[in-house]
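Presented as structure tokens, the chain that follows is alone, the form predicted alone.
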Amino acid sequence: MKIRFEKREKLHPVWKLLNPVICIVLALLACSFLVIAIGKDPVAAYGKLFSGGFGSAKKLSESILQAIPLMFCALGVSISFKMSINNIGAEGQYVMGAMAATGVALFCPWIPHALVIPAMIIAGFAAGALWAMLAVIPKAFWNVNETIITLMFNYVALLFVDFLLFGAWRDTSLNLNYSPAYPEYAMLPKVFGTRINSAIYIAIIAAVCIYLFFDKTTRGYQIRVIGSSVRAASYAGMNIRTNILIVMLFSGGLAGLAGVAQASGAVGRLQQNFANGTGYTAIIVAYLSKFNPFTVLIVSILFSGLSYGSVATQLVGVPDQVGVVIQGAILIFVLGGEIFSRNRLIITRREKETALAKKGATK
């Protein structure tokens, strides 16, 4: 018996819509066996999970609040992935953006209060962009693989922030390694009468701009071509090096805005483990969204709701880590579904292979 994949010539539009839905359902079904294995009811666990994340207006608003930094990071890595640049460094870019915003909020008293938030946004974007571009310079000039470098830059950024929080930036009035609290004028305003902050508007505007950039501009077309075939892009005279730097500028800058949104919109200070894995979760969100900026916004809310609602599963005796397990399972099933949607599984029996070979030899 021989098993092989054969590429499909055409994929029906209905299947494109149903494929991710079916994969998510299968992921939930697979995770239900884990819940059964620990002796708990999966229906009750999933009920608590989804009601905890989306069961009321307040819970939904909290899920959206948690989703805002994830939106920025996922939008950022989606840009780089469109060019086949593996930006695994959104976690570090997020932290550097938060650090730059904290520096403006706490240590720039000469800035007029009305301009502090705009200055924090600019500083956060610039810090994330600079950190990303530094990591990708070896790729742009010497074609060094960027995956490991961007990943290692995460740890450098995290340790640098820890250095500040254990030293010069530590709030001595607390027994924790936190920075001093932001002044009121450095906090992003709330919207809809909830804890959701105005960074949600920036994320939506960023999604629209990304869509228009890739769909309507020459530079966006070049980036898509480079992502499909570097050789073809080089033959067409496209500047690969410049495009790499431009892509990482905006990719890292958006991740830096995630740090600004979290620091100035939710936490109100800089603290250890600030990103809490958001930069890595953003990679999953970007892949599940197929790098579509509008889908990124929706999937970010879904994932944040799973994370926020997983706390409620402890009420039925299920560990809150179930949310992380479900996120990973969804990624695995969706990627697997993509393989089967683009390719047809062909199983050929050995007898049939022999007969076909003989028939071909006779001809």
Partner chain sequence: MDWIVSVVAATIGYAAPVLYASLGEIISERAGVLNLGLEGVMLIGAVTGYITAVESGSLALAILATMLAGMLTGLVYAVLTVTLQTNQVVSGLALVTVGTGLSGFFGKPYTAVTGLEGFKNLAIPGLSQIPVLGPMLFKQNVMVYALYILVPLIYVFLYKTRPGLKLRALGENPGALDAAGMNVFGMRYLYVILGNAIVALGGAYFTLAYIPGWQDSITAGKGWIAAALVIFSSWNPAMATVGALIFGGVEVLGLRLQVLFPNIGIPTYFISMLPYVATVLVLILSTGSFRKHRKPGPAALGAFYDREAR
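Residue numbers count along the first chain shown, from 1. Rigid core here is just the name for the largest C-alpha set that superposes within 1.5 Å across the two forms. Note that the coordinates shown come from a computational prediction; the quantities given were computed from them, not determined experimentally.
The same protein also exists as the form predicted together with its partner chain; that form is not shown, yet it is the one meant from here on.
- Between its partner chain and the residues 236, 108, 159, 209, the one pair within 4.5 Å by heavy atoms in the model of the complex involves 159.
- Among the residues 198, 222, 292, 86, the one placing a heavy atom within 4.5 Å of its partner chain in the model of the complex is 86.
- Partner proximity in the model of the complex, defined as non-hydrogen atoms within 4.5 angstroms of its partner chain, places exactly one of 242-250, 78-86, 186-194, 100-108 at the interface: 78-86.
- In the model of the complex, its partner chain sits within 4.5 Å of a heavy atom of residue 283.
- In the model of the complex, residue 138 approaches its partner chain with a heavy atom inside 4.5 Å.
- When contacts are judged by a 4.5 Å heavy atom cut-off, residue 174 does not count as touching its partner chain in the model of the complex.
- Contact annotation: residue 153 falls within 4.5 Å of its partner chain in the model of the complex, judged by heavy atom distances.
- Taking its partner chain as it sits in the model of the complex, the stretch 135-152 comes within 4.5 angstroms of it through a non-hydrogen atom at 138, 141, 142, 143, 144, 147, 148, 149, 151, 152.
- The Cα position of residue 68 differs by less than 2 Å between the shown form and the other one after fitting on the rigid core.
- Taking the rigid core as fixed, one finds a CA shift for residue 297 smaller than 2 Å between the shown form and the other one.
- Relative to the superposed rigid core, residue 317 undergoes a CA displacement of at least 2 Å between the shown form and the other one.
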